[in-house]
Ligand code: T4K
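Next up: just one chain, as structure tokens, the form predicted on its own.
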């Protein structure tokens, strides 16, 4: 599966490297104890209770709420539907301020409901929405703010809370990256009116496919529960507008199984992150994003900034080489929501107000992590990046 250092040097001679026999992906799924999962599947098949708020879903909701220290967890079929339902439950409308440097689902969840996402720039160091830029974007049509805990590092929830309270706005967080993380010593999930998690297969904690809304607001939780099940409050009694956002029992079974391995997953991510840090240390133009030791982190994302004026090679060129070797590094969040449709047509000049977002979308790269990535894999990836940086001029001339 692995190439050696001698074969890395072949790049300068042959213009290519022997590919990995197995592709290394960003976000390859973590899978917990398979026998426990299969035992749970056996249980749910015996019960013949496959969906509609079954016992596994209820157990998962209770355990997540306890883990995060919140009153309510409402599990759903995926994180995007969870965002949409939370948005409806909060009665957002008009305009909502969000970062453009995020996965496009954050914007789509608003636009799908004819709410205008207003893109705010991010902080150059944290990569999170910059509260200093939020205030200038508030208009009479603004009803809320959605912060995103990018890479699992908590955004400035306290500053956003102060703005939201003072200006009479609702505050929600997209916490898709930040399950089992903390900010200012508090669990992510406990901020704002509600927070939304994704449990998609690419997340370090997954339920195959799934998501959740968590909140300490009793009325909001009641609305979200109604809305995820068509608005039913008992048999044949629809009292609220809703959709089908329910999590299945088999997804909840996967979630319960993976919760039991949560500490193991985090330990592996942390170990891998440390190996990348050592392997990339000292490389010009290569900066590995770190995590605060004082906070809980899941270490899911191995994020590198590539400064081409120093490294001698661009982020896109480096990704191209990694892809040629079956290392599926990702350009996050390229090109930014404001440069995707329909937003680039609606707001063609949005980039003028988003200089840090524009910069980051050309520099940021995510490297493979998780239980499927071993020490030797990381060593080879780091050796390859090191070789490319050290031979950037020759390599760029061959790629031209």
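Treat the numbers as computed from the prediction; the structure is a model and nothing was measured. Residue numbers count along the first chain shown, from 1.
Note that the form predicted in complex with the named molecule isn't included here; everything after this is about it.
None of the heavy atoms of residue 223 is located within 4.5 Å of the named molecule in the predicted bound form. Using a 4.5 Å cutoff between non-hydrogen atoms, residue 195 does not count as a contact of the named molecule in the predicted bound form. Residue contact check for residue 302: none of its heavy atoms lie within 4.5 Å of the named molecule in the predicted bound form. The named molecule is not drawn, but in the predicted bound form it has no heavy atom within 4.5 Å of residue 344. Contact here is defined as any heavy atom lying within 4.5 Å of the named molecule in the predicted bound form, and by that definition each of 25, 103 and 330 is a contact residue. For the options 154, 210, 189, 117, the residue carrying a heavy atom within 4.5 angstroms of the named molecule in the predicted bound form is 210. Here is the short version: of 80, 248, 269, 257, the single residue with a heavy atom within 4.5 Å of the named molecule in the predicted bound form is 80. Stretch 173-181 is the answer when you ask which of 173-181, 90-98, 288-296, 129-137 has residues with heavy atoms within 4.5 Å of the named molecule in the predicted bound form. In this stretch, 126-151, the one residue having a heavy atom within 4.5 Å of the named molecule in the predicted bound form is 148; the partner itself is omitted from this view.
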